[in-house]
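Take a look at this single chain, the form predicted alone, given in structure tokens.
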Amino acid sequence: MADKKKRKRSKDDEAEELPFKSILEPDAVILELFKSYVSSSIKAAAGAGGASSSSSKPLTLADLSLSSSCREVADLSLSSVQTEIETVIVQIARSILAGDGFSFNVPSRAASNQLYVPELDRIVLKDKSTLRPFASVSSVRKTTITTRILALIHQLCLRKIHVTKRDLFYTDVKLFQDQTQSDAVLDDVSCMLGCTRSSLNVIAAEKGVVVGRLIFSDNGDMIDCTKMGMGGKAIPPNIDRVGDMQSDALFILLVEKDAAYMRLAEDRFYNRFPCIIVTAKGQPDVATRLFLRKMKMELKLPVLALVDSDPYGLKILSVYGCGSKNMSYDSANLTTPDIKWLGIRPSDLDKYKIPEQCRLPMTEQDIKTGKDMLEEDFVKKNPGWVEELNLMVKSKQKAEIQALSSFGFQYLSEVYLPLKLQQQDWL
């Protein structure tokens, strides 16, 4: 009898220790609620598509009549990239033979040449270009780097092989000096040739990982992401190798931090609530952005984002959804439409009674970044984002996802996320 009382008391204590656990519905009820949300969303999207157009093709930049002309790149074959490079070099040779020297006409990727398009909900690159002459002290070195990068890409086209950005840098360390310089010119070359960066056969090292209810082929090998252990499957740097995606998931959970990802993977959250969990372990890399978009477009699943409650967490979310200014020329291929901001949101700090000792004071730089984001068009478009950002700047408080661990290491997977799904609490 005493044992029974003790067991009952320990369960009551556990409920007290985990705020809001008592209002959680059974998993089966939460799943049914989420399924009905997904079903209604699909019907609403189908209705909107039918009302706007008889075709199911998504809206593109070419469909819009914008006041500013913009440029976008496309996936090109290796032979097409090779031809584009040879055309550029022939033009340079003719210019030199005519006694005019040579220069590159490089699309400007400056902030002033970016445009947010609300209809597409992404940032695009306008058509302003700058000349990069060889016979100029200020640009001779960058022009030389551009020429070298073009020559290296041409070699890759001929050999039909891939290399990493690091490999590219080490072909001429004395010229490049720093990898950020070769990386920047690589993006310039991609713009000049009118092709995606992946078309150049230059890839970044593996960074992002995925785990959960997803099966896909990687270069012909079938990968089951439920059987990849806690670490998950590294996202292939070459998206062309990925195909045959299959899933019984209800949603994709995009996680900012590796620590939160590991918690969810170890708890096998994807089995309790069928989902695919993906992270780039911080700043989004190109491979993860391409992979996320491919999953969204092929599997037709909603994407819910879990990021830190600070301006940089929202910045990371916006890069996945609206694109980065650095690679706005390829935003059509790198952005994932309609990502929902699940948490951690500034309003959650009080709503979930996160202790004061787990909140961090915002620095002056944090506050400036938050205020700058409030001026961004892609933030202004979403009133919920504006409200949350204003609350953050006003309270001058931020918190990481790990702040939830103050209620228990598994509070994220046992209470916070299930309750978010139950209440359909996202923006």
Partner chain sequence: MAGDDVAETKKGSSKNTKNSSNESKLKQKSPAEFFAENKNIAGFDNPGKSLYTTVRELVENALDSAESISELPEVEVTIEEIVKSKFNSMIGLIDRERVDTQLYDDYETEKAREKRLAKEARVSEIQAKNLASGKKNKEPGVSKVLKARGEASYYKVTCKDNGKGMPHDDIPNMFGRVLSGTKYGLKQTRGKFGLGAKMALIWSKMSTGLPIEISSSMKSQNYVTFCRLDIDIHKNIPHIHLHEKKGNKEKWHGAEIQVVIEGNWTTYRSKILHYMRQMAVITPYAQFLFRFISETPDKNVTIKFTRRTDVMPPIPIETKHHPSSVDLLLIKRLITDTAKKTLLQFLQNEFVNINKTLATRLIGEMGPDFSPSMAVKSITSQQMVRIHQLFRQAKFDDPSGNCLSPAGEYNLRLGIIKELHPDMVATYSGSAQVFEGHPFIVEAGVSVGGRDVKQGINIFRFANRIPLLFEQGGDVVTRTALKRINWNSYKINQTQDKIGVFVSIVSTKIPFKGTGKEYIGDDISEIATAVKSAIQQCCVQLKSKIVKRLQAREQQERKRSLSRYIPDATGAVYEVLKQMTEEHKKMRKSYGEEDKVIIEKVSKDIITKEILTEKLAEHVEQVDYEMALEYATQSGVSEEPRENIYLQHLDPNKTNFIDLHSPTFVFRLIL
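Computed from a predicted structure; not experimentally measured. Positions refer to the first chain, counted from 1.
Absent from the display: the form predicted together with its partner chain. The rest refers to it.
- Across the proposed site, 355, 360 and 391 without exception lack any heavy atom within 4.5 Å of its partner chain in the model of the complex.
- Although the partner is absent here, residue 175 is a contact residue: one of its heavy atoms lies within 4.5 angstroms of its partner chain in the model of the complex.
- Residue contact with its partner chain in the model of the complex: residue 136 places a heavy atom within 4.5 Å of it.
- The closest heavy atom approach of residue 92 to its partner chain in the model of the complex falls within 4.5 Å.
- For residue 100, a non-hydrogen atom is located within 4.5 Å of its partner chain in the model of the complex, even though that partner is not displayed.
- The partner is not drawn, yet in the model of the complex one stretch among 141-149, 217-225, 282-290, 337-345 has residues with heavy atoms inside 4.5 Å of its partner chain: 141-149.
- Proximity to its partner chain in the model of the complex, taken as a non-hydrogen atom within 4.5 angstroms, holds for one residue of 158, 230, 74, 110, which is 158.
- Among the residues 86, 127, 119, 240, the one placing a heavy atom within 4.5 Å of its partner chain in the model of the complex is 86.
- Residues of 348-368 placing a heavy atom within 4.5 Å of its partner chain in the model of the complex: none.
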